[in-house]
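Below you will find one chain, with nothing else, as structure tokens; this is the form predicted alone, and questions on how it binds or moves follow later.
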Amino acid sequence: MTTYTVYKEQLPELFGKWSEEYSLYVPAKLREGFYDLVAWKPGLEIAWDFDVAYNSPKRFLFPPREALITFDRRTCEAKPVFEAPPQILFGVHPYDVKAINQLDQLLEGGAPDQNYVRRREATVIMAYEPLTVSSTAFWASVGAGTVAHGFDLYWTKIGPAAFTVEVGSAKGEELLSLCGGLVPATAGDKEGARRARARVQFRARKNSLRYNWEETPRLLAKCWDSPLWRRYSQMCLACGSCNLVCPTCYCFDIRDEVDDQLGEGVRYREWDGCMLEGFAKVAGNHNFRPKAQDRYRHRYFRKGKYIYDKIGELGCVGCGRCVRACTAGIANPLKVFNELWEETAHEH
């Protein structure tokens, strides 16, 4: 993989060039302890040391609300809607790249989700090695601390004003070279990047599973009747916050909306979540997960077993967003999985 050295003084010109053709999003501080990817503009202070973006990059590829079809009831005509603005997501941490790679597998396989596919093709992913680790993160213990593909460029800060940039695609290299010749990274710069990654990986191991993450599906298979599900779910407020901030949740509902003349309308989809009481309600007013315990357990089985059974990866990348967002303080996969492990560790 080709690696170059880029200096901070080059970035304003680069960002300016990129923003001529793309919507460019970079990490910025919203308020103390809260960061997010926001639209870049000249003079914006980039939060190089951000720990986690409060909202996941998923929203740029799979928006909370997205038009699918416009229709005219009078003429019985319908047209598909595909919105795919060219965009660059700069500063995506490895665990979020891994989450996007997972969405690629799930939404592009079988019958591909064309709306997602087109947005993904129009998006440039610029990964960025974190400098700090969120207190709720545990990505290092679920195999999401590093990523080998899914990005166009991978940036690692190796000093106050220097970065190494690994090329992941021809498009990435083309964008990087817009402001002139590229400087190949020296052996010293590459070693600096390796050490920077080792430091953050060491800090990330502070919060860890007590077992190999690949054992999670088998662990859950033994814990369907665990009292843990009822104990924690009793406090659930069914707000769906954990679903909304999760970078790998992709459930949605489809609705129609028409004008006041009942003539023209739009069919759109919007995010839905398995923790919401009406998520599993079907015709006849039957709800096949009516209790909070059922919904709570389903979410963990979805993240820890069902996705793994499908693609060989956990549906949780350990970002810790759900831990921060949960209003009842019960959405903590690390705590739940470790407690289940303790339960089963004493079985004979």
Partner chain sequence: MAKPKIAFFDFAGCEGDQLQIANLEERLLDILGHVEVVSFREVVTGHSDDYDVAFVEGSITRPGDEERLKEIRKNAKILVALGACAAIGGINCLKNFQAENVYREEVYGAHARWYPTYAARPLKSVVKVDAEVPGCPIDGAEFARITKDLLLGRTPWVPDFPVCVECKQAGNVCRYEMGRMCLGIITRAGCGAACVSQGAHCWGCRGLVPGANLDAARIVMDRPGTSRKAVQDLLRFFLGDTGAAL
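All of these numbers come straight from a predicted model, not from anything done at the bench. Positions refer to the first chain, counted from 1.
One more form of this protein exists, namely the form predicted in complex with its partner chain; it is left out here, but the text below deals with it.
Asks: Residue-level contact is defined here as any heavy atom of the residue lying within 4.5 Å of its partner chain in the model of the complex; does G181 satisfy this criterion?
Replies: Taking the distances in the model of the complex, the answer for G181 is no, it never comes within 4.5 Å of its partner chain.
Asks: Taking its partner chain as it sits in the model of the complex, is N55 in contact with it (heavy atom to heavy atom, 4.5 Å or less)?
Replies: Yes.
Asks: Although the partner isn't part of this model, could you tell me whether R59 comes within 4.5 Å of its partner chain in the model of the complex, counting any heavy atom of the residue?
Replies: R59 belongs to the contact set for its partner chain.
Asks: Would D260 count as a contact of its partner chain in the model of the complex, using a 4.5 angstroms cut-off between non-hydrogen atoms?
Replies: D260 belongs to the contact set for its partner chain.
Asks: Looking at S208, Q234, T186, S135 here, can you tell me which has any non-hydrogen atom within 4.5 angstroms of its partner chain in the model of the complex?
Replies: Selected option: Q234.
Asks: Tell me, which of L276, A221, V117, A84 has a heavy atom within 4.5 angstroms of its partner chain in the model of the complex?
Replies: So the residue touching its partner chain in the model of the complex, by this definition, is L276.
Asks: Since the chain is shown here on its own, which stretch among 125 to 133, 262 to 270, 154 to 162, 92 to 100 would lie within 4.5 Å of its partner chain in the model of the complex, judged by heavy atoms?
Replies: Heavy atoms within 4.5 Å of its partner chain in the model of the complex occur in 262 to 270.
Asks: Looking at its partner chain in the model of the complex, which residues in 225 to 252 have at least one heavy atom within 4.5 Å of it?
Replies: Heavy-atom contacts within 4.5 Å come from Q234, M235, C236, L237, A238, C239, S241, L244, V245.
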